[in-house]
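Okay, here we've got a single chain as structure tokens, the form predicted alone, with questions on binding and movement later.
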């Protein structure tokens, strides 16, 4: 049995005899030597991850102006920061958007500009008091002008991420990147075997007080992150570090198209190999790490799981989904994650980074709860015209036949189906009118083929958003096989909303 202490390992760091390997190498060592011998051979395993960490930001102290001001609102390069802290303190979030540039620039860009030692425009307003009489100020600052610039991130270094794909017939823009329609791609995050929290899944060495590599500087774990759910291997950590010591090499702002801004961070955590049990856990490989593939084409929190997949499969470049080969692409950088782990290894070997014993372990039994909603949202099934009431027509029908169906049933929207009953298009009364004027004969000449659809369990608030976004007044309700199960119209929604208001 092998037993070591953090103190013993730190002594080896100081005298230069410490043995450090990166997590990807440790899996090879454990496989070759076994956990017990690997624990004898290795003292520290360095991990790394580099990806978008939206839940990040910086506390800043600007110092007092003359005459002084108690900032009520403050903007940095036109990105608003939170000022409900103290007179000249503020916190800027990575995802906060610019008021004049929108999604092209945000809090993450301000943070990167500060680390790059660029000048940042500060503008603040106040209501004025006897001790803080000033009501506005405009100035330019750099990071050196700040008394303190402390990065404090509520949720970083997710243990693993779920894979995102899209079964719908339209492109989706999400925090998992751009998802092409009909399973044409799948995106994922995380460094796999290099991932910090996968190398210490029981939080034996990662806890409050653990010293870490944070964006090229030394930082610390200060608690469990928000949404920390280790039971489902979705652990997170809360971290802090000195922004003035960080480097843009490991801190980069980014834009997710039509979603917003974020901040890519490099985080590395050393795992002291105190015994063979820890050695075994740090020997994890990409093939051992599984995650779920979710269908983001279903716009709900409880998206269906299509299958489980390993990081080894994800990194291969494609995965199989329902018999279809789907291209995979990472949103995080394995290259940069390896660079983080390598640099942390060098720091330790040179005696520039000591291992810390956490003062308290992170919890291992927390479960993520959904938001409590005191009022249930109405769903499509509560308002849709049922399958029995919906009249459909085959794609081979004539325009004259479609017109007769609409007149007899007093419909303004007519779903078009194929011979096997699947939705292939839709026509409206307006389409029929145009067709008559232009003397078209067949439905296939006028029908809309890229139909915006919904399903019976989708909340109506999302349906209303679709109606507004695409300037339409009805959505066919379909099942997983694209069979028409009903239709929901703006008129039906208006009646439901009006009725609830009267109640």
Partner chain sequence: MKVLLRYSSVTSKEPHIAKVILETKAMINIVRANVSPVGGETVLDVSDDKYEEVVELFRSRGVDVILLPDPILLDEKRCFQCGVCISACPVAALRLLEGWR
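The model shown is predicted, which means the values in this text are computed figures rather than measured ones. Positions refer to the first chain, counted from 1.
From this point on, the text means the form predicted in complex with its partner chain, which you will not see here.
Between its partner chain and 171, 184 and 332, in the predicted complex, does every residue show a non-hydrogen atom at 4.5 Å or closer? Yes, because 171, 184 and 332 each have a heavy atom that approaches its partner chain to within 4.5 Å in the predicted complex.
May I ask you to check whether residue 253 falls inside a 4.5 Å heavy atom distance of its partner chain in the predicted complex? It does: once its partner chain is placed as it appears in the predicted complex, residue 253 has a heavy atom within 4.5 Å of it.
Any of the heavy atoms of residue 180 lying within 4.5 Å of its partner chain in the predicted complex? Heavy-atom contact with its partner chain at 4.5 Å: present for residue 180.
Heavy atoms within 4.5 Å of its partner chain in the predicted complex: does residue 112 have any? Heavy-atom contact with its partner chain at 4.5 Å: present for residue 112.
Since only the chain is shown here, I'm wondering whether residue 98 would be in contact with its partner chain in the predicted complex (any heavy atom pair within 4.5 Å). Taking the distances in the predicted complex, the answer for residue 98 is no, it never comes within 4.5 Å of its partner chain.
Counting non-hydrogen atoms within 4.5 angstroms of its partner chain in the predicted complex, say which of 31, 469, 439, 450 makes the cut. Looking at the other structure, the residue within range turns out to be 450.
Answer with one of 315, 73, 361, 303: the residue that has a non-hydrogen atom within 4.5 Å of its partner chain in the predicted complex. Comparing distances to its partner chain in the predicted complex, the residue within 4.5 Å is 315.
Candidate stretches 351 to 359, 322 to 330, 220 to 228, 372 to 380, one within 4.5 Å of its partner chain in the predicted complex by heavy atom: Within 4.5 Å of the partner lies stretch 322 to 330.
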